[in-house]
Structure formats: C-alpha cells, structure tokens
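To begin, one chain is listed below as structure tokens, in the form predicted on its own.
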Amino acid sequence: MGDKQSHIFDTVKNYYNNYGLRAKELKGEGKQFIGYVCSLVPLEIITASGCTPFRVRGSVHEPITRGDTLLETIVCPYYRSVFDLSVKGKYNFLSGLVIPHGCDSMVRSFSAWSYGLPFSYFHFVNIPSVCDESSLEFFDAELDAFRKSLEKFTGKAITEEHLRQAIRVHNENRDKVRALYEMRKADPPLISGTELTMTLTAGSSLPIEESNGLFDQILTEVKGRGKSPLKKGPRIFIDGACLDNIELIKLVEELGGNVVADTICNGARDHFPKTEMGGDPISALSRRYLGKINCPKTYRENKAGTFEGDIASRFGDIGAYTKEYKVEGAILYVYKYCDPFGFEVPARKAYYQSLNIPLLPLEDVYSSGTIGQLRTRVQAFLEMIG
C-alpha cells in the first residue's frame, strides 16, 4: 500500500469515525444541512433547495440511553440508536430533518423527533405502499409538497432547472458507486467490503460534489492497485436493511470470506437505481424512489399468480446480482423488530433456495457487543461453503 492509498483511505476513515466532521466545518461557513433517515427520502429535492442532504446514522458502539426515555423499546434497534444520538445532540449542526414513511416505526415516531429535537425544519414524506399509476400520481403531489416546504424554509424558489441539475449530479454519484462495485468482480476483489462500506457511509455525510470527488479519488486508487489486498475466499452476498457500520462485513472478511455484493439500503439498493433525465423532474423522482428502489415496504403486484413467480419478481435483483458477482453464499442480516424485513424472511429464504445459494439468516441488535456471538455462526457458514 502506497502513501497515496493510505492518504485517501485515511480521509475516508476520518469521515467514517468522526461522522459529521465535514458538515460541522461547512456549517461554520453558512451551509445548511438537512438530515434524513432512510433511502426513500428524495435527496435531489434537498440538493436543489441549496441545502445539503446528510444521512443520520446510529452507533453500534454506544448504548441507547436517552432515546429510550422518549421512544418505545419495541422499535428496531437501528432506528432507536439513530434517535438516541440525535437527542444526545450529536447532530445539532443540522438545520432540519426529513423522515419518510419507510416503516411503521418511522410513521408513529415522527412526533417524538419533532418535539424532542431543536431543529427549525421538519418534514414527513408520505410514501405509498403500492407501486401503481395512482400511487405515482399521489407521490408526485407529495414530492411537490416537499419541494414547497423547502422553498418556504429557505426562502428560495426550487425551479425545474435546479431539480434537473440536482438529478444530474446525484446520477453521477450513482455511476461512481456502480464503478466501485465493478472493482469487486475480480477474484479476489480489488476493494474490500469493509473499505467500500466505509467509503459509502462517509459519502453520505458530504455535499454531493465532495462525495463525487471522494469517490473519484477512491476509484483512481483502487484501479491503480497491482493486486487485491485480499486473499481468495468464499464470495459472500449481504442482504438486509441499513448497514451503515463495518462490523459484520469486517467480521466476514477477517474469517476469510470476501463480501462482493449486497442489496442493503445504503449499498446497491440505494445507489444502483438512477433517475431518468428529461421530462418532468418531480415525476422522474417519483418513479425512481417509489418504482425503482426495491424495498420490502412497497408492494408490487404478483402478475405470475404463483408463489414461485411472486418471489422471482420481488427478489429478481438478488438473483441478478448473485450471478453478476459470482456469489457463493449469502447472509440475510435482519434487525430485531424490523417488521418490513422480518415478514419477508420466509419468502427470501425460499428464493435463495430456488437459486441454490447457501444462506445464513441472522437476526441481530444494532450493537458491536453481539459480534462475538455471530463469529461462530459466520465461521461455520464460511467453512461449509469454502
């Protein structure tokens, strides 16, 4: 590893470990950051307003304390951790917060966020649960209301040209992420899953232009590697909700596996779908966030009329990624009390069985304290398929 490599990955590590560091610096220069929870918040509208979207995350290393005095403990531990850090003042540099209808916990706790935090702007984005034409019409109106609320907050108009420019720069970001994923196709991959997760997490705390610049530097660095920093090992796919920390992926890689692909919220599920250019930008955003992000929260019509047809249609992206990245085993990582993913576990298991891909289902809490308990199971799984 050369000096340049350590320099750029040191930058990533710094942004990952000191999450919000750059936002605090830019706030001092008058930049406004709008926090968001979940991949279903249309970031382009925040960018078009002149504000910077900032993905609020939790910490697997910090016990949840104050948050549990304001939020019910049967809420998923990831969401509770995000809320806990917020009420402890970790994100007080934000000017506002946007929460979408991503799950029941998000919907029912919106009032706890808006009463418990000192921000001057809050907005709830109502996301339909069915993906059909009438839902898209409703969502167009919902996104227009979101645009108007940000106009009122900033005192500036958000024009169609502002939206198109924001769509363009966010699509560039997604192209760069796709290019980083291409680096995982080599055997062993040129970039580790730990490095990539850290990079994507760091990117979600930066203004989009800075995130693009960071990803370009990482791409240059990884392409310049003569050989992979990893050894050959079982090629592992991670499936599940939001994984904004490296603990599980790091564990798999320490035990000899290579994490080469995923369908997680802040991985492929969030970054691969692009927004169409041309036409009405609000309508294009509506179709991206509702139609293209394949989240268990949304229902797509079962046109096949059979269970086998239904799972092939719902989880087809998993089948495509496992072929593309030559996956040899998968880990389904679900947080306790996560209803959208919890309800889908039996169907997902059946789908992996239909692909003949060995699967390790794990239910966990959002805490580094459980990693020791997972170690034995992950090790046994890797030995079974290795």
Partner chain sequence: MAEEQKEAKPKKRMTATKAAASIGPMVKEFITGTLQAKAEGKYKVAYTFIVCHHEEIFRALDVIPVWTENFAGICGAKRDAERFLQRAESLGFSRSLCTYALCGIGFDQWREELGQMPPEAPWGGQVRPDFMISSGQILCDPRSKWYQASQQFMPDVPIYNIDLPYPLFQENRDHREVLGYYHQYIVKQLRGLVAFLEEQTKKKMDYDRLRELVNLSDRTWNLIDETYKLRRAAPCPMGTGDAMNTMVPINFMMATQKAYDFFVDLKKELEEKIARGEGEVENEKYRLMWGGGLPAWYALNDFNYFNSKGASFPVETTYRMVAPLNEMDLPETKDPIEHLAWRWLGYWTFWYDKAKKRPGSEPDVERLINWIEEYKIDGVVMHEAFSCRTWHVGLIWQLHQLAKIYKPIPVYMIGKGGQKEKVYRELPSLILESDIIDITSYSEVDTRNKIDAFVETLESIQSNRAT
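Residue numbers count along the first chain shown, from 1. No experiment lies behind these values; they were computed from the predicted model shown.
Beyond the structure shown, there is the form predicted together with the partner chain, which is absent from this document and is the topic of what follows.
Checklist entry - Within a 4.5 Å heavy atom cut-off, is residue 232 in contact with the partner chain in the predicted complex? => result Result no; residue 232 lies far from the partner chain in the predicted complex.
Next on the checklist: Just checking whether residue 108 would be counted as a contact of the partner chain in the predicted complex - the rule being heavy atoms within 4.5 angstroms.
Outcome noted: Judged by the heavy-atom cut-off of 4.5 Å, residue 108 is in contact with the partner chain in the predicted complex.
Item to check | Contact of residue 328 with the partner chain in the predicted complex (heavy atom, 4.5 Å) | outcome: Output for residue 328 is no: heavy atoms all beyond 4.5 Å of the partner chain.
Checklist entry - Taking heavy atoms only, is residue 293 within 4.5 angstroms of the partner chain in the predicted complex? => result Because no heavy atom of residue 293 falls inside 4.5 Å of the partner chain in the predicted complex, the answer is no.
Checklist entry - Non-hydrogen atoms within 4.5 angstroms of the partner chain in the predicted complex: do 70, 112 and 145 all have one? => result Yes: 70, 112 and 145 each sit within 4.5 Å of the partner chain in the predicted complex.
Next on the checklist: Only one of these stretches, 258 to 266, 178 to 186, 201 to 209, 100 to 108, has heavy atoms within 4.5 Å of the partner chain in the predicted complex; which one is it?
Outcome noted: Result for this chain: 100 to 108.
Item to check | Single option in 162, 287, 274, 123 placed near the partner chain in the predicted complex, where near means a heavy atom within 4.5 Å | outcome: Flagged contact: 123.
Checklist entry - Though the partner is not shown here, which residues of 258 to 284 have a heavy atom within 4.5 Å of the partner chain in the predicted complex? => result Residues within 4.5 Å: none in this stretch.
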